[in-house]
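Single chain ahead, by itself, as structure tokens, in the form predicted alone.
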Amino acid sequence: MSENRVIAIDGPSGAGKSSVSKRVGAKLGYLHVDSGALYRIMTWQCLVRGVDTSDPAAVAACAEQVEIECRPENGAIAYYVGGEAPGDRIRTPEINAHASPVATVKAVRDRITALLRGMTRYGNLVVEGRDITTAVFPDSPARFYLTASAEARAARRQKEEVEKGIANQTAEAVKASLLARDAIDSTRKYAPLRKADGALEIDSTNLTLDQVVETVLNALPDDWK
């Protein structure tokens, strides 16, 4: 078992997981790991291959065929499919609409959990996702659950999409999409989104990014800082 450290951060979409994880990783020299991107890659490949994402057996069969290469690059774990980085192709509203059904498939979650656990060989990690504190790294002494109001999360996600030029949805449409994903993710049978026992919950609704990062850093074991 690797002795490398893992800071585990869970929470719903728009709670600030990516921004916080990247900042914490940069401050500590830990590699940032975006687990959600792996589920988006699986979703993207299902759609590219014409797989019905509402058919768990078809999704599971597709997931077995997808080869994902993981490389430490620029302070993060980068992903490649067929030697190519997916880029913003996995950040579209279409991917958002299909990602949760794909992520409910046990075979997909098992495959990605194994990938994530294997990344500890690259060094210390900050891993963000929806089941990192509960299913992937439940024994980490540094586990956090980030949350925020639906309105705050929708506003952040809409701003992100506009800045990237990948969507032009209304705030209400973004909010509806987030709440739909929350419902699927929190009620799925296998590894649902929930606050893990012992994880520190941080409500970022009225906090700045710096304040959330400081809260995480202050809560780490003394010998991790």
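No experiment lies behind these values; they were computed from the predicted model shown. Numbering starts at 1 and runs along the sequence shown.
This protein has a second form, the form predicted in complex with a small molecule, left out of what is shown; the following refers to that one.
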Open item on the list: Between the small molecule and 36, 39 and 188, in the predicted bound form, does every residue show a non-hydrogen atom at 4.5 Å or closer?
Closed with: yes
Open item on the list: Among the candidate stretches 79-87, 102-110, 144-152, 118-126, which one is within 4.5 Å of the small molecule in the predicted bound form when only heavy atoms are counted?
Closed with: 102-110
Task: Listed residue (181, 175, 156, 32) with a non-hydrogen atom within 4.5 angstroms of the small molecule in the predicted bound form - done: 181
- [ ] Report whether the minimum heavy atom distance between residue 204 and the small molecule in the predicted bound form is within 4.5 Å.
- [x] no
